[in-house]
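Shown next as structure tokens: one chain only, the form predicted on its own.
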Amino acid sequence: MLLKDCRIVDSMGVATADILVEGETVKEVKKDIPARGEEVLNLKGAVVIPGLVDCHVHMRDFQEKKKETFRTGSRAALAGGVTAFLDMPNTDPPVVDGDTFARRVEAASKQSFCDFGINYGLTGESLGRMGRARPAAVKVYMDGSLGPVDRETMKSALESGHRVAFHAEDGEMLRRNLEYLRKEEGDDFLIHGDLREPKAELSAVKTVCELSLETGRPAHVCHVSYRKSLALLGELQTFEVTPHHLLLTETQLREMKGFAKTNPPLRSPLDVQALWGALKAGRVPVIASDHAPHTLSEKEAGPLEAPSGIPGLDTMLRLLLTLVSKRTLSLHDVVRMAAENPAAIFGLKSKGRLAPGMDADILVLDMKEEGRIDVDEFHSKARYSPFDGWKTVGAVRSVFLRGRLAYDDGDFLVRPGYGRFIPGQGPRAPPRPGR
């Protein structure tokens, strides 16, 4: 297949060129590639970027199919321009042993519309039960979501050589706060911000940075939300921010209640301003959706009972393209933070870039299409969003996944199970001294 007259955008610049696809991969990218009998599609100067890599997604499934399945979640991903995602392990049952990991891969392989990796959960004993599992990363829930994890266990995970991602909120602080807040419980959802106070994130990020420096191993910090956390993160640590922490504040948490409840919570305008400052300075490596769907009835519960999480796969790229239209972001930023960097950080070697030898994961964009976010049009099962009703500019027109037209003008052209498992790289050697 030959894509003619593409306006290709990457993190470094813009080039008008053709893309020759051979099988599942990009064969050549340059101007005026002659046709040699392959199918030719003239894109007439349309903007083209690599498929996004969302490194933070909760596809639920297993015993939580009412919330989301790999089929529904991956449809949302593909239609939203995400051609590869990493699934989190705090499932029911959790992915904390090799057998459950294999079941997770099997379930996704049968249902997913796009490519995927699976993360492995850290508990006190899970590293020894990994077996032949090849996770994209080992995920550490410092808030205790999978049970308490002590410092030595986290250090062992880093020393194992696997990529390690941290949900950075201090579990001991959260438990202390919860005991106090239950006595003061009311109906104001800002109580959730008090429970998961900024200091809990700061304390956990400090621990991650210390362990990373002690072991000389890189660490990835998920969904950073607090301004003071940014000052601790150095060259050995990567991190991500989410669209909701960039675009919403605690005001939305109070007004929208459970429908805007997330972990970590939405923060103050000062924190949002600091995240934007870091982003504009080029310090933010990754934007990820933290797609975390729940049912409507669950989200309508009280401040302490409503589960945390919002769906993000249907909205992330539309929100980012709208920011591009407002010149708040550049499309180069979007490609860097949502495609190139997450692929590089988590070892998805054939993803994130449009270059010879890479998977032909290609998004064709309409940068001028105007629309409105409507939860009733979501592909995810989670039909709620704090962004419901927001006006958008820019949309995905077509998605090629491994060289095949998979989504086009609202139609899915591949079947469930077309998505392919991307095994993790496994333990990596420690960096050489001085590197």
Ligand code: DOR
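We number the residues from 1 along the sequence you see. None of these values were measured; they are calculated from a predicted model.
One more form of this protein exists, namely the form predicted in complex with the ligand; it is left out here, but the text below deals with it.
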If the cut-off is 4.5 angstroms on heavy atoms, which of these, 104, 351, 163, 294, is the one near the ligand in the predicted complex? 294
May I ask you to choose, among 115, 290, 201, 359, the residue with a heavy atom within 4.5 Å of the ligand in the predicted complex? 290
Within 4.5 Å of the ligand in the predicted complex, heavy atom basis, the matching stretch of 58-66, 405-413, 24-32, 374-382 is 58-66
How about residue 223 - does it come within 4.5 Å of the ligand in the predicted complex, if we only consider non-hydrogen atoms? yes
is_contact(residue 90, the ligand) in the predicted complex, heavy atom dist at most 4.5 Å: yes
Could you confirm whether residue 141 comes within 4.5 Å of the ligand in the predicted complex, counting heavy atoms only? yes
Close approach of residue 109 to the ligand in the predicted complex, 4.5 Å, heavy atom: no
Which residues, if any, of 309-329 lie within 4.5 Å of the ligand in the predicted complex when only heavy atoms count? 309
